[in-house]
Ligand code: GDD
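Just the one chain here, the form predicted on its own, laid out as C-alpha cells.
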C-alpha cells in the first residue's frame, strides 16, 4: 500500500531558517517533523510518494542519506507551485487503490490503522481524519450526518459560516480514482475545487480525540515538540553529559554542553555547542549551532550553524546563520 505525502509551502512564517531549510526537515523532538508524520503509517503502508516543491533537492538528498525505516520513498517534484490538488495529480501516477494522503507539517497521534479499517468498513470513496478545534478559520470544515458521512465541506470559512468545529486534520484515505478528476498541469486546491464534488460518492469523517498541531509557526512548532515529548516520541529524553537542569531533551551526536543548563523540551542537533552557564529551554537548536557562555535561549528556533553571542538573551527568536532579506 502507498502513501502520497504533500510536501509544499515556503515556510514563510519560519523564516529566516526556511530560506535554506524546508520546514518539513526542521527537527523537533529529535528528528525532522516529516519523519514524525511518517511514523503514523501502519506497516501495511510500505511505499510513499513525496510530492515536493520548495527545496525539493534538499528533501531528496536528506531522504537518500536518511531513508525512513520500513518505507520505500519516491520523490516527484513540481516545476512551479501546483497547490494541494495539482501536487497530488503531478505525483500520483500509478499510485495504489486506496492510498493514504498525508500533510507533511501536521503533528498528531492519529490512528491511521483505525482510519483505514473505518474506511474499508464503510466502503468509502474517501475518509478524512477530523479534529475538533475552537477556531476553524484556517482549516477545511466538515458537516457530518449521524453515520459520520460528510454532507458538506467548506474550506477556511468565516466562523459564522462554519458548519461544525470538525476540521480536516491532514490525514485521509482516498480511492485512486479521485486523481483523475484533478486537472493536470495547473494549480488546483484539492480542498476547494475537488473535495465538495466527491461527497456524493461517499466521503466519511473519522473523528480523532488525540493531540494535533499544525506546526507552521514557531509557536505551534514548539507546541508540537512538547506534545511529542509528552507522548514519549522524543528519544530517551536525557540531558547532554555534564549539564544540569530538566528534560526531556533530544540530543544529537557530538553535542558539547558541559556546564550548561536546560529546561524541558529541547532538541539539540549534531555538533551543537552550548557553552558554560548558558541556559536553553523549550527550543530547537539545529546542527552545528553555537550558543555562547551565559546566554539564555527560551522558546526559540536556532538554525544550522547559527552563532549566539555570549551573555545574550534570546526569547521567541528565529535565527539563522546568514539571514537573508
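Residue numbers count along the first chain shown, from 1. Quantities reported herein were computed from a predicted structural model and do not represent experimental measurements.
What comes next is about the form predicted together with the named molecule, which does not appear here.
Given the stretches 148-156, 116-124, 228-236, 245-253, which is the single one in contact with the named molecule in the model of the complex, using a heavy atom cutoff of 4.5 Å? The contacting stretch here is 148-156.
Taking heavy atoms only, is residue 52 within 4.5 angstroms of the named molecule in the model of the complex? Answer yes; at least one heavy atom of residue 52 falls within 4.5 Å of the named molecule in the model of the complex.
Does the named molecule get within 4.5 angstroms of any non-hydrogen atom of residue 82 in the model of the complex? Close contact exists here: in the model of the complex, residue 82 approaches the named molecule to within 4.5 Å, heavy atoms only.
Contact flag, residue 138 vs the named molecule in the model of the complex, heavy atom cut 4.5 Å: Output for residue 138 is yes: heavy atoms within 4.5 Å of the named molecule.
Close approach of residue 103 to the named molecule in the model of the complex, 4.5 Å, heavy atom: Yes.
Please pick, from 193, 132, 219, 78, the one residue with any non-hydrogen atom lying within 4.5 angstroms of the named molecule in the model of the complex. In short, 78.
Go through 274-299 residue by residue and record those having a heavy atom within 4.5 Å of the named molecule in the model of the complex; state none if no residue qualifies. Heavy-atom contacts to the named molecule in the model of the complex: nothing from 274-299.
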